[in-house]
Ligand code: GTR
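Have a look below at one chain only, the form predicted on its own, in structure tokens format.
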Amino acid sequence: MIKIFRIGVFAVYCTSVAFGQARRSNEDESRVGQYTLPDVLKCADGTTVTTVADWTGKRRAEVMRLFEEHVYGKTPATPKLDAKVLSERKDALGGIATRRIVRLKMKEKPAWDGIDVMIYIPNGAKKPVPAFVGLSFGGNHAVSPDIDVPISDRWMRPTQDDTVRNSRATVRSRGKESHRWPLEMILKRGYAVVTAYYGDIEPDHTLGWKDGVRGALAEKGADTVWKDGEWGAIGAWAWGLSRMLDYAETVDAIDAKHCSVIGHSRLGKTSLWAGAQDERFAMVVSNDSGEGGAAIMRRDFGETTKIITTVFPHWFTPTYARYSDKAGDCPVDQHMLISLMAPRPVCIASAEEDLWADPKGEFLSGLNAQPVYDLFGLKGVGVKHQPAVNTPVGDVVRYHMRTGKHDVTDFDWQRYLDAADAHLKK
């Protein structure tokens, strides 16, 4: 009880800090100052990338190291996960899908509870289908409308309603996130879904590492201070996405060579970092990921580096907080993160009312990743200025800003499915 109380107090404190910082944040485009983005094609030794070989053989690895050292931390080598099928139902969602729930665990680290992965595969497919791989905020039972999906018993972030009580999900949370995961739409378009609760990998609070994979692997003591360059929670969640893809590769009904990684908000930051590290993901989707995700950090618009590292210091490697008041000193910016996906397709989405996530900054990351996509002869967003609301643009790099607030909607999913149809289906 003491542990839960302390976490609850911390959550209240963080919320108060966030509201206070939000009142002081800039949401006026005319107040965005001048800034210079790091040159994604300029190597550490001063030479300029001019060919695909220069990028793949030299500069890409440099950019990866910079993000490891300054933003997300380095993901350590890990043991292979074992899979245990917990349940399988061949008539899920009214008969249109087969649903399997699998627990992934490390034999060498039995104290870590593992990841409960839920997979939906469309019935009747004549060949293996691509999949969307992503994490949820509320657990598998919150994603699925099927009432026989077990309610997660893991730690949950506090909510304003009665869907979480004493940091545990209640029955009222069942199906709460189903609008963000339109399973029937995705399945009928010919795609599988591979999802899990992000808190299975690491609970989302400053001490969550103790019960998460970071603690299991590091075996750090109670007085641990995470050092510069060591991975944060975003790195841990991204690691989990790769382990989910590992399992998808063993499922005959899934075309694992054409899977997309997808995430919203903090999990959109996670999907980008997962896609950067793991080139097996054939497409990367960032939905309203904002600061530390797709938005340019140097713009000082909406949520800033100072705000995010104050309220959520556990998400990043400690180095990132050094740039709270001096973003211009950071050797990377988020257009370079988008560049790490090349030549794979990337979808970047914003919401018109979500100024906190800086929609224009998200667009500019996609736009300024173009020099790397040019090396491959690929078309990116295709326009120089942020498009109008509900006007999707782009080809291999796609961008849209829809009406509405910070969320995932059917409009967003239709864009992602269109992109997958264009680039992933055989």
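When you see a residue number, it is the position in the sequence shown, counting from 1. Because the structure is a prediction, the values reported are computed rather than measured.
Beyond what is shown, the protein has a form predicted together with beta-D-galactopyranuronic acid; the following relates to that form.
Chemist: Does at least one non-hydrogen atom of S265 fall within 4.5 angstroms of beta-D-galactopyranuronic acid in the predicted complex?
Modeler: Residue-level check for S265: yes, a contact with beta-D-galactopyranuronic acid.
Chemist: Is W155 part of the interface with beta-D-galactopyranuronic acid in the predicted complex - any heavy atom within 4.5 Å?
Modeler: Residue-level check for W155: no, no contact with beta-D-galactopyranuronic acid.
Chemist: Considering non-hydrogen atoms and a 4.5 Å limit, does beta-D-galactopyranuronic acid approach D116 in the predicted complex?
Modeler: No, no contact at 4.5 Å.
Chemist: Even though the partner isn't displayed, in the predicted complex is A342 close enough to beta-D-galactopyranuronic acid, meaning a heavy atom within 4.5 Å?
Modeler: No.
Chemist: Report yes if all three of Y120, H141 and V143 come within 4.5 Å of beta-D-galactopyranuronic acid in the predicted complex by some heavy atom, otherwise no.
Modeler: The answer is no: none of the three residues contacts the partner (heavy atom, 4.5 Å cut-off).
Chemist: Let me know the one among I308, A256, L81, I296 whose heavy atoms come within 4.5 Å of beta-D-galactopyranuronic acid in the predicted complex, would you?
Modeler: In short, I308.
Chemist: With beta-D-galactopyranuronic acid left out of view, which of F137, F301, Y320, W239 would have a heavy atom within 4.5 Å of it in the predicted complex?
Modeler: The residue in contact is F137.
Chemist: Report the stretch among 266-274, 98-106, 334-342, 121-129 that approaches beta-D-galactopyranuronic acid in the predicted complex to within 4.5 Å, counting heavy atoms only.
Modeler: Stretch 266-274 is the one.
Chemist: Which of the residues spanning 308-339 lie within 4.5 Å of beta-D-galactopyranuronic acid in the predicted complex, based on heavy atoms?
Modeler: I308, F312, W315, in sequence order.
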